[in-house]
Structure formats: structure tokens, C-alpha cells
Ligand SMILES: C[S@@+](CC[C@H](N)C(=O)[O-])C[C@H]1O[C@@H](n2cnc3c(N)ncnc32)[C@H](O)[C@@H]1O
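Presented below, as C-alpha cells, is a lone chain in the form predicted alone.
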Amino acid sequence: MTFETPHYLQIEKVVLLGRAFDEYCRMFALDLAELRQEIILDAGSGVSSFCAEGTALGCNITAADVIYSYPADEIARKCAFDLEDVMAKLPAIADLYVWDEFPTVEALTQQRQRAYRAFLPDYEQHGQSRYKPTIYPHSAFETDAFTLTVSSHLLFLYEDQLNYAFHRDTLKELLRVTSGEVRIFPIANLKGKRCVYVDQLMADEVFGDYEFEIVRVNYEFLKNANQMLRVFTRDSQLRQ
């Protein structure tokens, strides 16, 4: 008996791959002028440079991730290992990706390196004053501490590793600490298919007081991963 190797990125746990500020702006349809008016949480931020770059541009951003209880040198070793491991796997599944923005694996690698190399010195300098150790689905933030929360490449993407309860409870927590809205990107799993938990969350009576909107954005690397989920209350939209 023979078994076919699944044709998608095979990873056993969440990896540290940083995205840059300009990528966040496109993933979440963000405008710098508007961002400067928000109090922002980057949930599951990892080694992305959104906090470092955005703060330098005058934004009020807090990053939250489980890795922020570790020293910078240990994080650096982990993200360098993850980057090398993931990039080595991409050529065999290149057909699952859109190679417009990053024409080669090398170009993609350089972009991911740029992000984590911008993150690391900012993390070393500001530590837990800006980067909060957080193990989701729980956090230590006060209710309505933020006006906007974004979460990149955590929920939905890792459909096989993170179950529905984790998605539901994490979203509940993000909504608790956010007075405005929560944005999640992408809503696809690692296979480039819409995560089954998206519709479950939208139908879950726990979120009966919230509105859900799926928005196509100007960012796509994994094919079909070009939509974000907005979650908000009617009252929060009326206040804007």
C-alpha cells in the first residue's frame, strides 16, 4: 500500500514567520492616518515588525504573544530555524501560492528576514513594556483596553492544530479587550481553503451581539487567502 504526501505546507505547530508593517496594512485594509487615531493590539504577533515599525510612525501598538516570555536571542534562533524550515518546503508546493509580490523563495525569505530583524532590536529595547507575554485564549488586558485588534496568521490558518474551542475562546477574549473591532487574516487554512471554523463562529450564539463581515483585501500569497474577517458590535460602528 502506498500513501500520497499531502500537497500543502506540513507543519506540526505554529511557526514564527514575521510580516512587515506594509503587509499588515494590506492584510487588514489599514490606513496610517486612521491607525494613528487607534489604540491597537496585535494578537499573536510573533516576530512581525508591525509594532516596531508602526510605533516609529506614531501609532499606539501593543503586541501580545506567548513567545515574549523568552529572551531575544532564543527567539532569534527559533525564528531563523522556522524560516529556513518553511522556505525549504515551499518549492514542492509552489503551485499553492501567488508569486507576484515575492517572485522567488529567496525574495520571500528576504522579506521575512527584514520583518524579524526589525522586530528583534525593538523587542530587546522595549521588552514587556511593549511586548506582552500572552497565552491565548486568555490575556491580562483590561476590558476595552484597545479600540482595534488585529490577528495575523494564527486563527483559521492552523485549523488542524488549533481546535474550535480555542478559536471561539480566543475570539471572545479579543472582543472583551476591544471596544471597536477585531480583524483576523486570513480566513483560509494552510490548504488555501476557507477554514470550517469561520462559519461556526458566525453562527455561534455566543457571538449573538456581534456583527461579522468578510472583506476581500489587497494581499494574497497563499492562494485564496485574500480575505479578512471583521467582528464588531453595531454600537462600535455607530461611534465611528
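Since we're looking at a predicted model, the values are computed, not measured. Numbers follow the displayed sequence, beginning with 1.
In what follows, reference is made to the form predicted together with the ligand, a form of this protein that is not presented.
At a distance threshold of 4.5 angstroms between non-hydrogen atoms, L57 is out of contact with the ligand in the model of the complex. Proximity of L154 to the ligand in the model of the complex falls within the 4.5 Å heavy atom cutoff. Proximity of A94 to the ligand in the model of the complex: non-hydrogen atoms within 4.5 Å are absent; the residue sits far from the partner.
Contact annotation: S139 falls outside 4.5 Å of the ligand in the model of the complex, judged by heavy atom distances. Judged by heavy atoms within 4.5 Å of the ligand in the model of the complex, the contact stretch among the candidates 100-108, 116-124, 85-93, 130-138 is 130-138. Annotated contacts: E159, G192 and C195 are all free of the ligand in the model of the complex [non-hydrogen atom within 4.5 angstroms]. The single contact residue among I39, L32, V206, V66, judged by any heavy atom lying within 4.5 Å of the ligand in the model of the complex, is V66.
Contact annotation: of the candidates M228, V14, L222, C25, the single residue with a non-hydrogen atom within 4.5 angstroms of the ligand in the model of the complex is V14.
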